[in-house]
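Only one chain is included here, represented as structure tokens and corresponding to the form predicted on its own.
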Amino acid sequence: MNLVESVARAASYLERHGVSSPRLNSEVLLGHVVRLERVEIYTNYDRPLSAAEAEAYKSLLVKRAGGCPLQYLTGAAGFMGLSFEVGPGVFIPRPETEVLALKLLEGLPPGRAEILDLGTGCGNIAVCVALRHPSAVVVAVDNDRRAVELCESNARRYGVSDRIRALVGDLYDALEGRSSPLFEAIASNPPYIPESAVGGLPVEVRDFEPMEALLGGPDGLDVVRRIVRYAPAHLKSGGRLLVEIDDGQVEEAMNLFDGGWEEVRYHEDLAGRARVVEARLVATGLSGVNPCSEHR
């Protein structure tokens, strides 16, 4: 069976199992197996699959039909035109998060800028910021060592590991006992799905992605509250905080910035949904809270 025939049969199989975009999934998985780009599958349409390739392709298709995310099967996820290494147990970057990275970049000064990326995952935001702002220095934090290792791997891949420091820890706890500057900006794509919504998540999210990277308490804002509360102790005067949220949380999230903040606003993603809340610190330390004195 040649490549095009294999794709057609695979697409039919995935469609019967309810996989969205079955043709695209079939092409990507086959390309991964035979090490060809999607377009090259068609320019090499009459190339047959070896027995080993056919078996490997079948195995991936069965896993995809069972709900395993395409990105985990190929080990790669796209973000802002780049390909990032990903793996099971680490949150997969979403296109909606690109607005967070873009708005973060828009407000950075042209010179050196220290950035804190909380919940970095595979490091997609940290790497994109470092690539697009050659004077940016990013501290990337995640409480999962696997995520931190992926962040370091992606930083090396794109040649920015000298400006990204990846740390294991729970939000600001990762900075304790370390020499750390005040930051020009803090950005985070935290867990923000309400616990009650877990049953409505797609199978490939609910059964395969890490719940600790998705669920944010009863209303989804538990982690966001912690990020906002302790941000002033880590920001420069006039520094910015940008946090991704769900469209239905925007009003409550904006209300968290109730003292010492200005220019509180939200940004929409490409689908027109409120996706990022941003605020600027009036003066460092106005909250009067020492982040090392209370539980976070």
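All values reported here derive from a predicted model rather than from experimental measurement. Throughout, we count residues from 1 along the sequence that is shown.
Another form, the form predicted in complex with a small molecule, is not on view; read the next lines as being about it.
Residue 189 belongs to the set of residues with a heavy atom inside 4.5 Å of the small molecule in the predicted bound form. Taking non-hydrogen atoms only, residue 157 never approaches the small molecule to within 4.5 angstroms in the predicted bound form. Within this chain, residue 72 is remote from the site of the small molecule in the predicted bound form, having no heavy atom within 4.5 Å. Proximity of residue 213 to the small molecule in the predicted bound form: non-hydrogen atoms within 4.5 Å are present.
Listed stretches are 91-99, 132-140, 165-173, 106-114; the contact stretch with the small molecule in the predicted bound form is 91-99, by a heavy atom cutoff of 4.5 Å.
Proximity of 193, 244 and 275 to the small molecule in the predicted bound form is complete: all three residues have a non-hydrogen atom within 4.5 angstroms.
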